[in-house]
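Next up is one chain by itself, shown in structure tokens, the form predicted on its own.
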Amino acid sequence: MSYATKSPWVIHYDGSSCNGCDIEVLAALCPGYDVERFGIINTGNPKHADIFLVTGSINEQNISVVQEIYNQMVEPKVVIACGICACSAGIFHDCYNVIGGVDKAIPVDVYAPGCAVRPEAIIDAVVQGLAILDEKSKALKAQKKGA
């Protein structure tokens, strides 16, 4: 069964942001956009999640939290940087404690820029993430057969 035929479970984490992108993530989950009709489920448990949505930049305080959530997720997994702060630290780039975008802490598969990122862009990024998830799943299966 490919990941495209399963319901992807998403976990969301806000790094250090203005919360504009968080509001857009919630808008994508609400009835206006209703991503759950596509089978996308929001979860609070990293062990259940297939996709990791991160908003906000990475700083000294949250880098270990982001890495811990990522490490708790089961393979295959996809990381989506939502918003320009998650992509490159955005307006917080020159702050004293900001390290940078999410890719400074963990590998990122899909970038969804915007200030704030639009719900349509988030949905598009999740669809791109599903394709990557499917590729990673096939690679894991091939690796297990070869081992």
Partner chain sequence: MGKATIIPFGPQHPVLPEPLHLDLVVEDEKVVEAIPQIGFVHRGLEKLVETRDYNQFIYVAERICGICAFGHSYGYAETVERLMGVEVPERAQYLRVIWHELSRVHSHILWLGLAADAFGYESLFMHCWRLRERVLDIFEKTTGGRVIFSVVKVGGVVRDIDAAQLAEIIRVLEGIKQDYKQIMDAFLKDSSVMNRTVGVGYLSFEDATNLSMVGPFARASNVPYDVRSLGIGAYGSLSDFEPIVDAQGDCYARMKVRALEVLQSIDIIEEMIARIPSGDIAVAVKGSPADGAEAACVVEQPRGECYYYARGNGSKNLERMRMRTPTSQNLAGMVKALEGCDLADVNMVILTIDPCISCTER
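These numbers come from a predicted model, not from an experiment. Positions refer to the first chain, counted from 1.
One more form of this protein should be noted, the form predicted in complex with its partner chain, which is absent from this view; the next part is about it.
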{"query": "Partner proximity in the predicted bound form: residue 116 to its partner chain, non-hydrogen atom cutoff 4.5 Å", "finding": "yes"}
{"query": "In the predicted bound form, residue 92 touching its partner chain (heavy atom, 4.5 Å)", "finding": "yes"}
{"query": "Any non-hydrogen atom of residue 132 within 4.5 angstroms of its partner chain in the predicted bound form", "finding": "no"}
{"query": "Close approach of residue 128 to its partner chain in the predicted bound form, 4.5 Å, heavy atom", "finding": "no"}
{"query": "79, 88 and 139 all contacting its partner chain in the predicted bound form, non-hydrogen atom within 4.5 Å", "finding": "no"}
{"query": "Among the candidates 121, 108, 105, 98, the residue which, in the predicted bound form, approaches its partner chain to within 4.5 Å (heavy atoms)", "finding": "98"}
{"query": "Interface residues of 45 to 69 toward its partner chain, as seen in the predicted bound form [heavy atoms, 4.5 Å]", "finding": "59, 61, 62, 65, 69"}
